[in-house]
Ligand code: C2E
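Take a look at this one chain, the form predicted alone, written out in structure tokens.
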Amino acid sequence: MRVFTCLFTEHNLWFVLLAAIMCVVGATITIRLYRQVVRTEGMSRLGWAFLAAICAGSAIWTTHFIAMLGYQPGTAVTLDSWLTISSGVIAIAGSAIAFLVAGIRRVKFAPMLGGALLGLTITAMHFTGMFAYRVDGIVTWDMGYIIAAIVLAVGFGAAAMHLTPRWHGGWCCMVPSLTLVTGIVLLHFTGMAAFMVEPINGYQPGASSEAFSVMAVAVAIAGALILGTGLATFYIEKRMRETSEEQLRHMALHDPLTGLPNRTSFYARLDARLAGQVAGQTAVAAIDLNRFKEINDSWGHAAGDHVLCELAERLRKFDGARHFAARLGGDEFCIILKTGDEAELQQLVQQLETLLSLPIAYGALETTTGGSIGVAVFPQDGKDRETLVRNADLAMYRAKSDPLQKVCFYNAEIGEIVRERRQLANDLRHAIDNDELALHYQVQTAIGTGEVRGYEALLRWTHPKLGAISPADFIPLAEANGLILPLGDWVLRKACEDAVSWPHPHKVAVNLSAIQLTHSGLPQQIHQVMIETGLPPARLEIELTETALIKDKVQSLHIMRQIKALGVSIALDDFGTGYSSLDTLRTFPFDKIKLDKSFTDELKTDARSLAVVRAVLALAKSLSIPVLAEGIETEEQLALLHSESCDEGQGFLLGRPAPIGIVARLGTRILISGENARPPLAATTARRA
């Protein structure tokens, strides 16, 4: 009863209300900041503990001070300034220690212990403030109320800290705050009930005076500013943390270059779709760009990044963004096509093909990439995400291996073919690494005299299980699987090593693929090989097809000039097929033209082929470029070419491809009758992968 009497008869209730508001607001902010203390580590934890202590101490002190100003003891009242200030320091320092102790994770009951220390801090602050309260009267203390006040402060403080990390969601988050408020309020008014004053000089108004009212409002404003600062800091940090977490989440689920969803995000979206009611209206299209490496090598990585970003933007907006596109890595993309209609699916895939083939501008340059697309449909091509994506990838791989096919829909036969080709690609990689390949050499002679001019290096691969594999099969396989550069390096190095061992200083001709020609380090590679093998540059001839040249004429011309500067000669291979043009002969510095075998085959049967051969020979003679005819297999072909003044020849009539052991025994001249032509090696049926 004494507590209620003290509250309702000895206090100004407006002051009590103001103190209660400060207490509720302060306790709520304090608990929020304490949660940050629990979450963080290291210096951040100390920082949050300091901020929480400032807010807690300010809330406790202002609550106590305003309520004290509202106390009406019936006599004159003064305040000891130093003890009043000391009570505030005690509140802040004690709160800091309490929060740090409560945040110790290694101690099981640390929150309760820290809460008990907070209760003792509130008690110490309260009674220090009471000692600063000077009245003209006789003061007596009731020890029972003092003990009760201490017990209540410690108990509710321990309960508030104990509940904070456990009750943090929804309305439950207010329970620790209200518990702390209850402890502060009960401590104050129970402690005030223990404080009894007997006036000795008559009644003089205390807390109801105008000065005390102004002081109470000033203290409330100061406390509100401090609490507001703490609250603002909390919400600023919270917003920054949420923004940071959002950025991290975006980075974890999106490709940093293009902004498209990444593999993780794609798999999650596909899983969700396949688990939904529209799973039957789902297809997956795997996309791989065809010329991306070329663009990277020729124009630089900045151009490659620009191409990826441009295509990503097109995929993002594809069909009004109805579908879900992602970049899985490198130049590989995947898109979830949301349709169950076969005709619509065909139309969407055609639109994708067109979209990939549109030109892309980069500065003053313009290029097109194109792409290979593989499509798998749920559920017939895969009843789960892994199978569906794998089969779409297999179909894409099949489309990529066929230069005439840009789109491929998965079926069981394709899956088996692609798996075989992948296994064959792995075997080829193993063969390169373990030196299981071989070079054969086919002689090149002067048609008129039979003088040996050189040998063309021809790559051979005998698979341990499949037997002889045709270069027409494994060379495209190497190009499609990123093996052509190490394979080309092996061929170049081996051919130069073998040529050095020949008894006569004949030339060795080595074919280069279009991919090798786009590699900017090719001239340095050739130079390094010649230095290491000791082959003179004049004995090396590089053979290039026109198809390899036209993809990037500027880059090709630059590389060819560097090769020529080394002293290496360059021949135009397979002339007359593909993209052959007079501009090629005018632009590029060739030392020889190799007439394609298809014209030699038809010299006797097709008058137009003979006319083309005569035209090429006349053009080459006017440009002072010698011509070598490939595929000479009969004496009639040889005689006809001789009559047309063709410079050199190559073919089975003159000599079949042979291992280095046979080549080393040949002299400097062969009989034109073909008597020196070697019989074919034991043939092994080549299996096509």
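Quick note: we count residues from 1 along the sequence shown, nothing fancier. From a predicted model like this one, the values you see are computed outputs, not experimental measurements.
Although it is not shown, the form predicted together with this ligand is what the next lines describe.
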*asked:* Based on heavy atom distances of 4.5 Å or less, which listed stretch (279-287, 107-115, 465-473, 375-383) is in contact with this ligand in the predicted bound form?
replied: 465-473
*Would D574 count as touching this ligand in the predicted bound form under a 4.5 Å heavy atom rule?*
yes
*Looking in the predicted bound form, any heavy atom of V491 within 4.5 Å of this ligand?*
yes
_I'd like to know if E294 sits close to this ligand in the predicted bound form, meaning any non-hydrogen atom pair within 4.5 angstroms._
no
*Heavy atoms within 4.5 Å of this ligand in the predicted bound form: does D498 have any?*
no
*Residue (of S556, S513, T339, T84) lying close to this ligand in the predicted bound form, criterion heavy atoms within 4.5 Å*: S513
_L100, I150, L458, I360 - the one with a heavy atom within 4.5 Å of this ligand in the predicted bound form_ = L458
*Counting only non-hydrogen atoms and a 4.5 Å cut-off, give the residues of 590-606 close to this ligand in the predicted bound form.*
K597
